[in-house]
Structures are given as C-alpha cells and as structure tokens.
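Let's start with one chain on its own, the form predicted alone, as structure tokens.
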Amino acid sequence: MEKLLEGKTGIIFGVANKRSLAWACAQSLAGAGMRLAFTYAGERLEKSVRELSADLPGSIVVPCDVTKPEEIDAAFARTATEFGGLDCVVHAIAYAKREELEGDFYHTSKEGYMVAHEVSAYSLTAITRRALPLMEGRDGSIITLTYIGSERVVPNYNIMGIAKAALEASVRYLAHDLGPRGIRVNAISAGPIRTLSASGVSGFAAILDYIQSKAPLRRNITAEEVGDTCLFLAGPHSRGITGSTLYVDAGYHIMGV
C-alpha cells in the first residue's frame, strides 16, 4: 500500500537531538514516505543531526543559521538541487538568552528582545520567502511550533511568549499571502515536553506537574503526538485548514482555572 506522503519532500529546521519536537515531526513525516532535508545551526549540533538523519533513507543535511541570510539561501539552493521542489517546511526554531527566561519580564534587555524575535519569529518569514519558489504549484504546507505562553502569562517564559505571539501573527499573515498560491501555513501549539529548549525555562518541572493535574486528559502530551499532528497538517486530510493554531496539549488551553 502506498504511503500517504510517498514522493513528497520536506525540510525541517530545528532538530537538536532525539528529544526535539522537530525530530518527532521528522519521524512521522518520514514514516509516511516523505523525503527530508535537515538543517543544523553550528558545528555543535551537526553530529547529532547527521546521526539522527542517517536512520531516514534519502535524507540530506545542510548547515543553516537563520540569523545569516546567506546560509538560508545556501540551504534552499542545496535542497533545490537535491529535491527539485518542496512540499513541506517545518519551522521548529526558538531561542532566547537564558537570563531573559527568569525573573520579571520588564527587565528584558533590548538585545534579548531582538534576538528572541529574530530567531523565533522573523525566521519563519525569512524561510518562507526562500521556500516559495520551490513550493509553487505543489499544494504545499508550512508548519511552525508555538506555545500557549503566546496568549497567556507563563512565569519565566517572558520574552519567548512575546516572540511566540509574533510568530502566530506571522502565520496568519503568511497564510493570507500564500493561500492564492495553494500553500497553507499553520501552527501547532504543543503542551510542555522535556526538550533542550524547555530546559532553559526556570521552574519547568512545576509547569509539567501543574498541566498534568489540570488538563482535561489529566496527563502531559508526548512528542509523538506533536509529530502526528504535523503529519496531519502536512498531508491531504488538512487541505482545508490554513492560518490556524492547533492545540496539542491534552486540552489544557480550554481551562480557565
């Protein structure tokens, strides 16, 4: 039986290690037959990304620091050479200085504010602009990852909450622009999961415990659940959905208290 995404191609930004939500997305997409390109930012992450991607036949690995336009250009040039075109982009990049993720938000520095927005929010627009020529006429899907800290106060999430709010607004504007071209843009708002980026948020363990006690499903989510939602958004079953944020958080987002 043919796999759902057989013959499709995608590029994933943000894999750091096997616990990354980006890696969970990669596994779900590859399991459905999609051939993938992976990016890494800096030599520190290269080995991990190459080792993980080696388990997925046909995948390629390219360097890409999203704060460097020339590296984004090069990453898409290599992808175009290898794949010819693209059907899916997964944007799973977020970064803020560790010192900005604790204490009072009003202490946020201008530099910290700008760095968080450049990496976590603006990069989606920069990536989309380069991906567009490769996605034309292919009914493609662009997917990013966000968090409820964009719309509610989560202690110590601070500047990342503001950056995620900008990211979600970007999803809506990009969906409007790209819809006439047949390209959909959506976000997944994932509940808290122990990942490398989450480890930088002070008090994260307490957040996990609280969500588990309050969410309607009375549990935290798994990375695999996020990956399977990514698969849904990348495939034909979500062809009527764009500009939306889908919550994968065991229902926590519906709770008032």
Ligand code: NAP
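Heads up: residue numbers just count along the shown sequence, starting at 1. In this text the structure is predicted, and so the values were computed from the model without any measurement.
One more form of this protein, predicted together with the named molecule, exists but is not displayed; see below.
Q: Might Y147 be said to contact the named molecule in the predicted bound form, defining contact as any heavy atom within 4.5 Å?
A: Flag for Y147 set to yes.
Q: Decide whether P192 counts as a contact residue for the named molecule in the predicted bound form under a heavy atom distance cut-off of 4.5 Å.
A: So P192 counts as contacting the named molecule.
Q: Is there any non-hydrogen atom of K47 lying within 4.5 Å of the named molecule in the predicted bound form?
A: Contact check for K47: no, nothing within 4.5 Å of the named molecule in the predicted bound form.
Q: Using heavy atoms and a 4.5 Å limit, would one call A94 a contact residue for the named molecule in the predicted bound form?
A: A94 belongs to the contact set for the named molecule.
Q: Please pick, from C64, I211, A37, A30, the one residue with any non-hydrogen atom lying within 4.5 angstroms of the named molecule in the predicted bound form.
A: So the residue touching the named molecule in the predicted bound form, by this definition, is C64.
Q: Within 4.5 angstroms, counting heavy atoms, which one of the listed stretches 227-235, 51-59, 211-219, 37-45 is next to the named molecule in the predicted bound form?
A: Result of the contact check: 37-45.
Q: What are the residues of 114-144, in order along the chain, with a heavy atom within 4.5 Å of the named molecule in the predicted bound form?
A: If the 4.5 Å heavy-atom criterion is applied to the named molecule in the predicted bound form, 114-144 yields only V119.
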